[in-house]
Structure formats: structure tokens, C-alpha cells
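A lone chain, given as C-alpha cells: the form predicted alone.
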């Protein structure tokens, strides 16, 4: 680490908020407890953060409920300008956000800067959507009355965000909620709370009123959020995380019949057909697999390659995967950082070991790196049996299992043979095939000759056990609006 980076780290960590955001300002937890935020590159503690207790969760929801009526009545243009100022402030502080994400999550600085640009764009996008919330006025088909349809904010929301994209997962939920006029309680991941706390301060600097957003990092998530889900003042839950946890939250939300948005697990297939442009397919495969070190719900999890191109694709893919430099994200030459913690690395190692036991061969990598931090080599597996466990579970790491197929029908069958349906990717130069895949692959999103699909202007979400609802795009704000119908007597008295 250079002296300059070390000095920047110390300065940044001394400036960021480490308390809870409750109502009118920053506060210690109810019992004064804290927890350590750890650098996954070194295993060392970065800072201690206030550890919310159930009383703090209650205070956060009370503040959100108290602020809801006034915030909903705030002019759409005012809400839009707050979002626009927040966008500008995030961009101005790109280096602070990027370094903070690299420190607490591990990704290289270049990737962190990319997340800042992506996450900030949700603020700009929804700043432009806030003034466009509209309803309609119409004459009933029988002519006897008039129909007025209004859009109203859902009300206080609880957001539970993951650790892998600590800024973008917050902005993707918070921006449309602000635009719609909803107040919010944010529970960021305990592994990466610092980015959320810095973002909350930016929103306050942008003019967001007290109580509209509260932030409660905690190591006892269910104890803190469970009572909120049973409180009638809460009207919506949005969660990004595993399908297992999502199922429990959906069940817990049933008592108050909450609106829910769920962005859950994935098992993305990446299909390469014989007629694909090899170079573009390899470029897309590397992006789809190693973005965020593979720690992404949209990461390619299964590589399905047609037999005629399989050998050439595998050779080129192994070469490209082998060119990554695994190191601390602040190191100038780093192109892939550590996994987020030892539990994640151990799961990846177990999946690779299981695949080898099932008959797969290791073409590249295949092991954890020694020394401090939670590093794992970029790995390519070949000869993976179609029923191997590694093809059934979300890997969440830099491991690419390759399965060879013969026909388009077989590829579609293998791709759809999963309870998940978040995203799929395919590379082909056959337009008719591309259209067939777009209709037959059972996922909420489809990357055609592209290894990245996420865009703030597009609806992000899945089908089957990958979730409910959409984030981003024109659809994103609808998740935070209720529809009210008003029947009006015929004003002409007919």
C-alpha cells in the first residue's frame, strides 16, 4: 500500500458517520453497543459502528411514520431537486465512496468507481421521474359518471440491502421511494454499513428532511426488523438477498399484508452457440463472471457451450481468466479483490471440491490463496456433469463451470432447469435463434450478445424464486405508489 493511499484511508475513516441515523440526527445505539467492520483484504478492523437494538428499530420507524404525511405532501419538484443534488454530491465524492467500498467490501478501486457511477444514476433517473407521477380522468363507458385515478405514496418502507453493491443497492431502493414520497428505514448489511452511512449523510447534505430516511446497521437483523414487519405503520418491505431469507421475510410480511419487493438469488446460464463471435463471447463471459469478483446475483453461474465451439472458447476463456491479478483492491495492479469473508470463500471452495468429486476437471485455479485476507483464484472447471451441485447453487465467487451441449433445445432445457430465473445470457449470430431464446429462456432479464444487463433506465428483477417486483426503469417507481380510484357523479346530471 502506498503512503498516499494509507493517508487517504485514515482520513476517510475519521470522517465517515459511524452512528445510527434516527429522526433528527446521528445517535449511538440504545445500549451503546458497537460492532467491527472488517477489511476483507487483511482481516483487520476498519472502524466500529453503532449496533442497533430493537428499541432503535422502533425509534427509526416512529420517525419515518411521523414524517410520512409531510413528506408525501412535498411538491414533486422539491423531491426531484433533492435527488438531483444528491446525484451531484455523490459524483463529487466519487473517490470517497470508491475507496470506502473497496475497504469494506474488497473490490478493486476501478470497479468501485464504476459502482459509484451506476449507483448515482438511479438518483438522476428518479429525479426525472418524480414530477412525472400521474393519474387519469375518464368518462365511464356507460356515460353515467367520471373515473378519476390517483397515485399516492405507499407509505413508510423498510429496506434491507446486501453487502455486494453497498451503494447501488441503496440508491436503487431509496431513489424511487424519495421520488414517490415515501419515508424509509434502511438496514444495510453488517459486513458493509459504511457506504450506506456516508450516503445517508450525502442525502442530508442534499436537503432530505429529518425522519424521511433512518439508517440502522445491526448484527441482530431479525430481532431489529422483525417487530417492524409486525407494526401496522410499516407499509412496504424491499429486500435484496438470498432466496432462503426472502421466503422468510415474505412469510413475516403476510401478517400486515405488506407490499413486498424481492430481488433474490440467481443461477444465470451463459449460452455460447457455434455461430457466436468467439472474441465477443469471451469478452462477455469474463464480464458476466468476474464483475465484482463473481459476487453478484447476476453473475454467470453456468457456462453452457455448444460442442463445435467448446474447445476454442474454453482455451480463450481460460487465458483471459488467468490474466487477472488478485490483490488488495487498493493496490495499483489489482483487477480482482478478495471475497467478502471466510464463510463465502469456504462455500466457494466446497463447491469446487464437490464438482471435482463429481468428475469435473480444473482447467484454471481451483484453490484459495494463502496469507491474510479472503482471496480465491479465478477458476475454470471443465467436464462438469449436468447434475453437479455446483450447477444448482449460486456460487458467488470467481468460478466458471463449463457444460457442453449439442442442440439448441438441449441448451434451453439445461438453462431453464433451475428454480431461479433472474437473468440469462446468450451469444449467437442467428437472429431467429436470438428471438426464440428471448421468448423461451425463463428469466426476468436476458443479455443478448452482452455480458452486462444492469441499467438504471431498465427494469431489474426476476421470475420464479428469483423474486417479485422490479427496480429501475419506468416500472421502478410504481413499486412505491398505490392506485386510488375515485368515482364521480356525472357533472352534467344526465
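Just so you know, these numbers come straight off a predicted model, no measurement behind them. Positions refer to the first chain, counted from 1.
Although it is not shown, the form predicted in complex with succinic acid is what the next lines describe.
For the marked spot (118, 165 and 298), a heavy atom within 4.5 Å of succinic acid in the predicted complex is present in each of the three residues. Of the residues 203, 224, 169, 395, just one reaches succinic acid in the predicted complex with a heavy atom at 4.5 Å or closer; this is 169. Here is the short version: of 345, 259, 291, 328, the single residue with a heavy atom within 4.5 Å of succinic acid in the predicted complex is 291. Put simply, residue 29 is far from succinic acid in the predicted complex: not one heavy atom of it is within 4.5 Å. Mapping the unseen interface onto this chain, residue 263 counts among the residues with a heavy atom inside 4.5 Å of succinic acid in the predicted complex. Proximity of residue 465 to succinic acid in the predicted complex: non-hydrogen atoms within 4.5 Å are absent; the residue sits far from the partner. Heavy atoms of residue 460 reach within 4.5 Å of succinic acid in the predicted complex, making it an interface residue. This chain is displayed without succinic acid, yet in the predicted complex the stretch 157-165 from 376-384, 157-165, 361-369, 271-279 comes within 4.5 Å of it by heavy atoms.
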